[in-house]
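Encoded as structure tokens, the following chain is the form predicted alone, with no partner shown.
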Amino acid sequence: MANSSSQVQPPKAKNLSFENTEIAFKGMSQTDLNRAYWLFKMISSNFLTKIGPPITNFALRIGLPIQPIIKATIFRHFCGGETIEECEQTIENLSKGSVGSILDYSVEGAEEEDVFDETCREILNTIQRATGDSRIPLTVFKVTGIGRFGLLEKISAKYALSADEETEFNRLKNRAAQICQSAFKANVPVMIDAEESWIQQPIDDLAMEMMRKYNRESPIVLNTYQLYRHDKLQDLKADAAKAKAENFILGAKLVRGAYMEKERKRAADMGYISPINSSKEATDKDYNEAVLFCINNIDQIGFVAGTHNENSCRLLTDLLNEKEISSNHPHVYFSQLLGMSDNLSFNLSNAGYNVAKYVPYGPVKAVLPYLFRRAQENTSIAGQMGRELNLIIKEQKRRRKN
């Protein structure tokens, strides 16, 4: 990677504009656009974002009928539905703009084995649903959806497990193996989401084990690299070296990260060095270098660029162009969240790139932790909400003129 720091400065992409709101919001009715405007206006308020979760949880506990309000507003915008069947309209709407769907069963925080079994069955259902349907090119799961957080924490800290915990961990591994084997048989790639740093090591180990087994011919299993961690660019390179030496394809989803505030607080509270990069610029540099590294090793790495950052998207499109790699190369996908950055998703797909959006689904009450985290993350992304609002306003003005 000689002179990589100079190469990762993204020039403007040719024949691609992320300002084209007509393409970005083509699939949204005026009612949908107006609802999105008020939703982002509310989310941009740090005050509402902070007091919203406790007030909502309290209202649900005492039985206030607010669930229909949640489902008609924030849930409708950021989620596909409560079931796979309810996601069909979202899948079709995205497909009309040549954007794929990633069905994401977003139930979190379980502790019981029967719930883990049920979640595993639901993830298998997403793979079955994706089989043979080009509109659903990727699937995903979280290891904490099929196993206990505290168990992963204990393993990551290298504490000895009891006999019962060993049995519990074997059940977790069997669920993960069942999911990855199903993905392999269906030829549907499955991404393993990254989580908090203090439980991540056993997740990484499990992902590598699955890749060794199932990624011999194509990237079926993908692990997630959170590049806001200062060690993850090096981990990506080390894992790629292992894949090359052991003759399998590395599957990688590149993201900046989802737990920054929690990570920094825990590090401060417990007195260890934060795993998070010291600045946004350092994270951006690591992310863009990771993109460059994957492109330079495109035959050995299949990757998903999960990003809402325009510069990183431009960088990737320019690298594909410069290196004469097909825009729809099967080893390269762009990905964003449903309800966000439509200017990126739909303009990229319109220009011929592979794009898929995360489509979270699940019972409204069970998906609330996911929704609250989205809102809290979004307020911490400098300018993101203002950017979304400005694009919506621009499209509203364009429509009024026409």
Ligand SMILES: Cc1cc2nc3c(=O)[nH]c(=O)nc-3n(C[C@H](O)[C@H](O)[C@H](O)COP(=O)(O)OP(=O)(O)OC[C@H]3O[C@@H](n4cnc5c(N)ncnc54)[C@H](O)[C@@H]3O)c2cc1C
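These numbers come from a predicted model, not from an experiment. In case it trips you up, residue 1 is the first one in the sequence shown, and so on.
What comes next is about the form predicted in complex with this ligand, which does not appear here.
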query: Contact test in the model of the complex: residue 277 vs this ligand, heavy atoms, 4.5 Å; finding: yes
query: In the model of the complex, residue 337 touching this ligand (heavy atom, 4.5 Å); finding: yes
query: Any non-hydrogen atom of residue 228 within 4.5 angstroms of this ligand in the model of the complex; finding: yes
query: Residue 264, heavy atom within 4.5 angstroms of this ligand in the model of the complex; finding: yes
query: This ligand in the model of the complex: contacted by all of 255, 308 and 387, heavy atom 4.5 Å; finding: yes
query: Listed residue that, although this ligand is not shown, lies within 4.5 Å of it in the model of the complex (heavy atoms), from 283, 215, 90, 144; finding: 283
query: Listed residue that, although this ligand is not shown, lies within 4.5 Å of it in the model of the complex (heavy atoms), from 260, 236, 220, 315; finding: 260
query: Interface stretch in the model of the complex with this ligand - options 187-195, 240-248, 154-162, 290-298, non-hydrogen atom within 4.5 Å; finding: 187-195
